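Listed next as structure tokens: two forms of one protein chain, kept apart as structure 1 and structure 2.
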Structure 1
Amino acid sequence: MGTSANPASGRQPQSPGLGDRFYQWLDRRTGIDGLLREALDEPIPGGAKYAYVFGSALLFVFLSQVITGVFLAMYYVPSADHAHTTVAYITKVVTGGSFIRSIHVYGADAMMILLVLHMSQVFFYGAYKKRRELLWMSGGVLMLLIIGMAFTGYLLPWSEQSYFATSVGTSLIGEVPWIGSYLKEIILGGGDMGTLTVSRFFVLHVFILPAAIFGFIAVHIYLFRTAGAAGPAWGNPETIRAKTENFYPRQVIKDIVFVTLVIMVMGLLAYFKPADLGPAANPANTTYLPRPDWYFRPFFEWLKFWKGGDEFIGEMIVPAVGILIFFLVPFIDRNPERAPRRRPNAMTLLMVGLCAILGLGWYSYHQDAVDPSVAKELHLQSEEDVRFMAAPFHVEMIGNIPGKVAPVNKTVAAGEKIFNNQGCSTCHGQGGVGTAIAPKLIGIVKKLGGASKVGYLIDHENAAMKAGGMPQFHLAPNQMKQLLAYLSSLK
């Protein structure tokens, strides 16, 4: 029948092309055509709108994070002595490594922005009502998981900033009554942050949390398809029903347009303003001022308002109550009305919440700017980050990176350990790159005419070194030999 001539036209019908035949073959074995129709034929009351694009964009950015994270994990070594070196290697040596890492860093920023926009839009439209309680709560779980991803990923570069900012965050866990010290020890892998901490944060960031996010995305989509799209929060119901259209094609096009815009912004930022990487963490640095990334700044500032015996209330009780209220919003607000102008209490709560978050974030940066000593120290830290980024990557820093193994001089390695343990890197910078308070040591042996002269200066400080606050070191001959071997390797 399918190949016989058409009696009306006398023409032979065209046989399906190779692509059509392959699609039909695949459909008979997988049912992909039915799956696509089920996914794309979702009815949208009131029609497609740009207000609905944030959820799709959030999903896309998460997938982007997974892909770029896989590439970064190919080089990353989750240990305290290799983490920072491997991230520096990715940033400074690997072709396209800085761009991929920057996409990953800016992707975390984009996820936080899109998360706030998506949750605000859902709340503004009252889309948590009418059989959507579980949908809202599953979105709340996803929100907490995304915040957990941001927190665990922040430590992995093992830089000064990530180390000290994360130490502030993990110290809060120890404030939990009765079990706080045990929880903190489980998370850190001991009493202090070290290799076990990096390893556990890596496992959480790369395996456990992404798996949980994928699972709750599936639950979230299932609940969304079960409840159906909420549609506009205002307007004539008959008119809204009359304008109902499927997800494909108009809403798909709007999603693609917005996602493309997000891709372009992330790409431009990654190309023209690559993500920074500061010096490696030095736990002995007691002068470093820890500051979290911008999306944790509001909570960082919030903690400053609670002192003494009230710390537990501000650090634990208030946030816990806030999260509980967030999850119970559909059960607290039982009014079926969804129009924003008819929900003044809900809109006031939304505006107060957003203004509080933005206000606390702005106030945190403002406080740093108006305090001269803090502003100066943060500026010095920023300059140190810039100098580290500008410094070339040393091959001897690679350690045991597969495919790039360099001969490891045990004397040099021991000297580097002495350099860091004695606090030399605090003033002279990681790798002796120099800081605003001490000169660079790269090439110092050649400049002064030999290791023996450098050793003499270390043992017998001159007036300039004393005036600069350099402490007196008393090293054993073998330790001095190792330190001088390390300084000689800084080229």
Structure 2
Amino acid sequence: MGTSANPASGRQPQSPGLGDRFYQWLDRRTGIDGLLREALDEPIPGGAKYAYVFGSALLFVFLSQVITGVFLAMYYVPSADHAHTTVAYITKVVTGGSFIRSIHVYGADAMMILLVLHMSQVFFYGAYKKRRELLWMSGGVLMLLIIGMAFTGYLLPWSEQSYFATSVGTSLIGEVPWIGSYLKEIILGGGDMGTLTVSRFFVLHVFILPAAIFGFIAVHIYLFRTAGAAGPAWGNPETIRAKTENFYPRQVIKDIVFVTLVIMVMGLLAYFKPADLGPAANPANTTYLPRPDWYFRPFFEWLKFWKGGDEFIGEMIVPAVGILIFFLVPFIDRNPERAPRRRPNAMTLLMVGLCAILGLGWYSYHQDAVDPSVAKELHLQSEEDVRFMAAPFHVEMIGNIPGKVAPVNKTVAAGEKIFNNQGCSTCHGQGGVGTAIAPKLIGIVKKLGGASKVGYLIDHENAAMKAGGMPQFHLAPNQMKQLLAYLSSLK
């Protein structure tokens, strides 16, 4: 920040340059000098350290999420009919859209990693002790809100993946005792996941949770400033006092160095490995294997251990007790000792906790890899994602809004209706892009050498179709003509 001017330095009043004069002008009207001092002159016992950068990085990535989120919201339409189309449009058509979306997706990943690092550092340093109970608890609320952001954001693209993974999560909400079914209905906007669900998740993801996060960030920082930086957990108090320095400049520089590193990693990932998007959700698909994002994998795996009668214990009681204990940590652990070496129980808990999370996550991926039928199905699903990503964006535009409008040609439009109503799209995918069950039909007329040949196949079926479960479709000549017109339009 450009704070080179210092009105209190007692310089001659006639000598200050334009910059200094402007700063004084501004300061008299806003008190900015005092504000900056308040913000930057926070003493850090023992001096600046890289161990303290994670909180600032979380704040930075959150702001980045807000900015990229605003850009995504400019195109995104929260309805079951349009959500996927508009995300596909962002990913495939909008200039820089895929990059912005990828930064948003990787930003969510980064927040999860930074959250674990920040909490581990605070726990390791015993920085929740000595009048910092509320600071720790406000951090706990932020953690839950961020998890809520990840959960609600995941559904918004309305892809197969996001739809089915989210329905695993929402079915859990229904298990909450007494109020579960009401809660689920409120969150879903009805009995099933549909347009109201997208719209409610959107409202949570874009208005309610971010507003709460902003509020709790303010509380968290206020409580942090009130308690003061905790400083090192070990060492000679005299040396620590001697090495104490202000937040600005050295800690600010360390924060900036680390944040720059985070930006670089996110930017490189977004550029070289853009976030992908699978085909649109098909609620009728009963065989889809849902898999949540990696950060929910440990919990996803944990749930599998509790099938049967004691499901409720694993799904509700243990997580609820876990969260309660998490919040009460500063009250349970009243020992003022902060040095990790002299807190064997706390360190064991931290290690066991981290290992359990990593272990469960690893085990979840391992399970998927060793079961051949699961591995095959997941492979097919990810191939579908790749195929969908590779297919050109073919939805037509209403004005400059991408929308699923009927093709201009009436015969083709009627054909598309038949294609969807007859269930062709269930196997061959929306717009005939192909699925794990049946091949893509884009360019099929050319491939088979004419519409009449395709018509013959649909009417009679061949061995491969029979094997794949495609029935014979005996359509009226007029309908067949319309269907073939539609198939011919898929290029």
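Take the two forms, find the largest set of C-alpha atoms that superpose within 1.5 Å, and that set is the rigid core. This one's a predicted model, so the numbers in the text were calculated from it and none came from an experiment. Sequence positions of structure 1, starting at 1, serve as the residue numbers.
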| task | Mark the structure, either 1 or 2, that is the form predicted alone. | result | 1
| Just checking, between structures 1 and 2 and with the core aligned, does Ala414 shift 2 Å or more at the CA? | yes
| Do you see a C-alpha shift of 2 Å or more at Val61 between structures 1 and 2, with the core held fixed? | no
| message | After core superposition, I'd like to know whether Gly455 moves between structures 1 and 2 (criterion: C-alpha shift of 2 angstroms or more). | response | yes
| field | Angstrom displacement of the CA atom of Leu483 between structures 1 and 2, core fixed | value | 4.7
| Core overlaid, Ile444 C-alpha shift between structures 1 and 2, how many Å? | 2.7
